[in-house]
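Just one chain follows, in the form predicted on its own, and it is written as structure tokens.
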């Protein structure tokens, strides 16, 4: 789980990088302020001990929240870049890393079928979505942004910050945007943009993008795809037909967000925002009296709301894509397919077991289910209890609250409008081989709760 062998690859790479400026006078003084080597070693060990206070995120028995370990090449390339510590705001601060960012972002755009585009990396999906909705607001001032009630809560917060009217749209029993409810909102008028989520963070649901695009032909709104979690599944070959159709249509969107620090094997934070029409760069135009003079080439700060951005994130992403190209059928895509296979297998076992109530069939790699109970409140209590009992078995799940509308066929007394369920993000390829062990521990935890 903690790979130390590849650390041996870092020193030669640092030495090679140091050869890039041979004309500089030698610098023999120690870094200032000076700290003794033994003191550094001691504090690193203390930090390591503090970091033991974490869940085992990189292990397959961690199957709860959306936490995926970075690939070794990403960790090493990030560490390598920190010896220079480039800032990808202006070319003055990160010449090489800015070029690598443009190449890496172009690779992501190509994955979605885009050649011409405008895009850059961000600190994460929240900032990437903020930029996309900010541009949407510039294009359709005063008009509403709408998103599914199962979309990430950040859209409501972002639009509040941007002073853009926002409306949540009802969803169906599979947690996907209800297009009938969307059409009613469109008929009411003043909708400027529709946020389409391909991979909701709660249930992994995929909104029906093809149907929404047909509505766009009639109503003329802007389509923003939030694929922060699910975007890389464009490469997977084992999606169900409806999800596959949505990902095939993603290139028809006006803007796309994807998070390389989720399924892209990157350290936090690394998000990406893409615009189909490069001319939206005009909204970013600003004057900086001291940052853009070293080159007449495009400075990434000229197309970003963020100023300082870690060039190391771009170097890590570029290196990862060099080793693992974004291609269908390639090793990277096969890893995603393994995640989905793990989710399908866990869902199958849950659906066939009388101890559980299954949620919607997973569209990507998130599984939702609950232990059986007579009422919604009892199911919620048992979900929390199984979550705690599983943790004692070193199986780490998550608990999520969902509305009654998600489970119309559950034989419950609905004494509350929402129910807490167990939720598992099986986003590590290793999860596929570990499903039998995960199931064994889940079964023991559930039996303990049901026997109480």
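Numbering follows the first chain given and starts at 1. All values derive from a computational prediction rather than experimental measurement.
Note that the form predicted together with another copy of the chain isn't included here; everything after this is about it.
S.K.: Considering non-hydrogen atoms and a 4.5 Å limit, does another copy of the chain approach residue 387 in the model of the complex?
M.R.: Flag for residue 387 set to yes.
S.K.: Decide whether residue 337 counts as a contact residue for another copy of the chain in the model of the complex under a heavy atom distance cut-off of 4.5 Å.
M.R.: No - in the model of the complex, heavy atoms of residue 337 and another copy of the chain never come within 4.5 Å of each other.
S.K.: Would residue 93 show up as a contact with another copy of the chain in the model of the complex if we use heavy atoms at 4.5 Å?
M.R.: Residue 93 belongs to the contact set for another copy of the chain.
S.K.: Since only the chain is shown here, I'm wondering whether residue 139 would be in contact with another copy of the chain in the model of the complex (any heavy atom pair within 4.5 Å).
M.R.: Close contact is absent here: in the model of the complex, residue 139 is far from another copy of the chain, nothing within 4.5 Å, heavy atoms only.
S.K.: 6, 16 and 41: each with a heavy atom within 4.5 Å of another copy of the chain in the model of the complex?
M.R.: All three within 4.5 Å in the model of the complex.
S.K.: Based on heavy atom distances of 4.5 Å or less, which listed stretch (349-357, 256-264, 241-249, 369-377) is in contact with another copy of the chain in the model of the complex?
M.R.: Result for this chain: 256-264.
S.K.: Under a 4.5 angstroms heavy atom criterion, identify the one residue in 164, 111, 223, 185 near another copy of the chain in the model of the complex.
M.R.: Only one listed residue qualifies here, and that residue is 164.
S.K.: Here the chain is shown alone; which of 326, 344, 76, 212 has a heavy atom within 4.5 Å of another copy of the chain in the model of the complex?
M.R.: Residue within 4.5 Å of the partner: 76.
S.K.: Sequence order please: the residues of 120-149 with a heavy atom within 4.5 Å of another copy of the chain in the model of the complex.
M.R.: Residues within 4.5 Å: 123, 126, 127, 130, 134.
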